[in-house]
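Take a look at the structure tokens below, where one protein chain is shown in two forms, each on its own, as structure 1 and structure 2.
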Structure 1
């Protein structure tokens, strides 16, 4: 069995996706499978069949949280989390609209917080996320309670090594 997508995934993730024989142990233990449009075992099969467009437009690749449960249990030692990472990167590279843009908004806000402060500052990070995802009202009550309990300081604390972090971002072309 071979497809250009299969070869690409094997090279970039280092995972022997070709070995999947559909035992479905991954999907049985996946905590996120209810949110997936294609369960993990089907994602493996779709890669083998080269169904690239369907995969890159799927919700499954964005809902995976890399908990590594499937990878630890797979009888063929395929870790699916790195495979999902390759698929996510490929979706963005090809300019395909992600099926779940809010996950992308969250990741971007997180990285931007590191670039800005050298450390993550939850309040400004989540504010950015709200603007990017336009989910303004979600979790407002929880955020307020956290703030009142002193769990979210308003002022960010910068790392004194911030210049080194900025250097890494610049070098990486971000």
Structure 2
């Protein structure tokens, strides 16, 4: 018997989470595991058990950097990054207060920039992030140096395929 969460994750991520047998190779290789409240193998088990509330409130789903190390190590070829994407989207969809609002502010600012321009425009993304996170002066010195060196362009460049990118966001439910 499987949980509704397991079925949702398998369907939306395309990953066979039900095949995870807890070998922990994903967790052993994860470069961010020290930032997680639940290591990747535990996230897989929690999905199998249907522990949706705990997962959607966890730091783990927001700390995953989608490096794909877990998927390359998994004997069942389960890629956890797409699973984390589904969990993050579900957290936002349900309006659940995340465990780490600052990381969520960065994530949503990044996604909004891609949706708007078809690529990341750093200046716009950073402004949105600063207002969402309310961390107005953190890393101001680094930002100023990058701006003065021309690494943060003022004017955005839109992707030539912006309509296609917007179509992808629409299909994804964003």
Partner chain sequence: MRYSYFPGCTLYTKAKKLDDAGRECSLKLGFELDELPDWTCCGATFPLVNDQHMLMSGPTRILADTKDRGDDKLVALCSVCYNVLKRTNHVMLNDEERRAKITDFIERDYHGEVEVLHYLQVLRDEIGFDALKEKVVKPLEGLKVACYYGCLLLRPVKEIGLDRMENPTIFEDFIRALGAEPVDFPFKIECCGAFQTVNSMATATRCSREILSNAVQNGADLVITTCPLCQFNLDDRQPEILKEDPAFTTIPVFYFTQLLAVALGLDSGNLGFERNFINPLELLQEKGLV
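Numbering follows the first chain given and starts at 1. Here the rigid core means the biggest group of C-alpha atoms that line up within 1.5 Å when the two forms are laid on top of each other. Source: prediction; values computed, not measured.
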- Task: Go through 1 and 2 and tell me the one that is the form predicted alone.
- Result: 2
- Message: Using a rigid core superposition, assess whether residue 128 undergoes a CA shift of 2 Å or more between structure 1 and structure 2.
- Response: yes
- Message: For residue 10, does the CA position differ by 2 Å or more between structure 1 and structure 2 when the superposition is done on the rigid core?
- Response: no
- Item | Rotation (degrees) of the lesser rigid unit against the larger between structure 1 and structure 2 | 22
- Cα displacement of residue 165 between structure 1 and structure 2, once the rigid core is superposed (Å): 8.0
